[in-house]
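First, one chain by itself: the form predicted alone, in structure tokens.
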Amino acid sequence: MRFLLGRLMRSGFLLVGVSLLSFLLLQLAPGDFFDEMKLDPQISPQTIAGLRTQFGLDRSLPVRYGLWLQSAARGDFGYSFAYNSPVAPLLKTRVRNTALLAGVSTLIAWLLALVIGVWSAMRAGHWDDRLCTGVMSISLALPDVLVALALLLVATRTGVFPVGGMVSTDFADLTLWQKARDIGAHMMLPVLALVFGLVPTLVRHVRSSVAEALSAPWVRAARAHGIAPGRLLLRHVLPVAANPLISLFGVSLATLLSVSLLIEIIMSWPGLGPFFLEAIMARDVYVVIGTVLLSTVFLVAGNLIADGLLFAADPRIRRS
């Protein structure tokens, strides 16, 4: 319990540090949301000054951060200048869409990586293992943007998958099963792009961990005692190789999230990515801070899950 409590405390300090640094950098950047209004002759300087006072932009930096902390404690996370609304309701739907995309992509990527990585480690030194390693190296060198654009090109030329958005225009008239199929069809392209970008890295780590475990002396001794290969792999090799892979899980989630924001923009998926870009272009400060903080929450949650799994899988951590 102390192990997990320590992780939670460090995660809390991390979130506070990220919010403070984001707030500081954004507030020190030149210009703000209301600067463009100065170009409109129909808006008087007094009106702009009143808006800046209304949103607290005329106060000192520590006061603005303190007010934002109070808003975050209430669950609002600041006020959006562009939408004239608290930030939290604006992020709610987009967080759900991003979490759905990232969760499905993570599950598929890890399942594929485990199967391919374990098979490649068991075939180490053979021609098919070399072929698999070469394909993964080439895939790793391809930029995520290029993969996403290639998938979009194929989809627009063939019409197999819908391009852009999350649902069809007649989504409200569909049955529950048809709605699930429609969302799944719209998810296909961004999920493929994310999985294609994540699997090569995961496969290399899985293969390395499993191959290292298979080369251990105790594995040769177990084979000499006649333990079946399947039992040896599932009951002994995989638990030994699991520790570095569990630690990798949190890092992979952070990597996938950063890539998913870019893929969402390219694929027009209504998640945090397009909303984040829109907020940056409009200099909607509190929306940017809220999005960055939520991205950090995803990273922290992934690492906490990995720490919990590592705590359950490794008795050495529990004893310490």
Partner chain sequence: MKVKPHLWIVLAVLAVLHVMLLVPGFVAPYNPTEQDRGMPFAPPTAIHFRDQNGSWHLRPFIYAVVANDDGSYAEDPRQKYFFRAFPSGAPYKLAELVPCTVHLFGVDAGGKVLLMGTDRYGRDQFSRLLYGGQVSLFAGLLAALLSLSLGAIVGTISGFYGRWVDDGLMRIAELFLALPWLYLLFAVRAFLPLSASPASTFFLVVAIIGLVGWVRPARLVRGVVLSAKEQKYVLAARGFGASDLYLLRRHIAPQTYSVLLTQATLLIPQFILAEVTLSFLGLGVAEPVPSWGNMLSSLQQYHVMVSYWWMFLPGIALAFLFLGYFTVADALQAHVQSASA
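Treat the numbers as computed from the prediction; the structure is a model and nothing was measured. Residue numbers count along the first chain shown, from 1.
There is another form of this protein, the form predicted in complex with the partner chain, and it is not shown here; the text below is about that form.
> Verify the flagged residues 52, 164 and 167 against the partner chain in the model of the complex: is each one within 4.5 Å by a non-hydrogen atom?
No: none of 52, 164 and 167 comes within 4.5 Å of the partner chain in the model of the complex.
> From the candidate stretches 71-79, 130-138, 186-194, 221-229, select the single one in contact with the partner chain in the model of the complex, where contact means a heavy atom within 4.5 Å.
Heavy atoms within 4.5 Å of the partner chain in the model of the complex occur in 130-138.
> Wondering, does residue 179 line up within 4.5 Å of the partner chain in the model of the complex on heavy atoms?
Residue 179: no, not in contact with the partner chain in the model of the complex.
> Does residue 126 reach the partner chain in the model of the complex, with heavy atoms at most 4.5 Å apart?
Heavy-atom contact with the partner chain at 4.5 Å: absent for residue 126.
> Does at least one non-hydrogen atom of residue 243 fall within 4.5 angstroms of the partner chain in the model of the complex?
Residue 243: no contact with the partner chain in the model of the complex.
> So, residue 92 and the partner chain: in the model of the complex, are they within 4.5 Å at any heavy atom pair?
No, no contact at 4.5 Å.
> Which residue, 234, 108, 115, 149, has a heavy atom that falls within 4.5 Å of the partner chain in the model of the complex?
In short, 149.
> With the partner chain taken in the model of the complex, which residues across 278-311 come within 4.5 angstroms through any non-hydrogen atom?
The stretch 278-311, when checked against the partner chain in the model of the complex, contributes 280, 281, 283, 285, 288, 289, 291, 292, 295, 296, 299 at the 4.5 Å heavy-atom cut-off.
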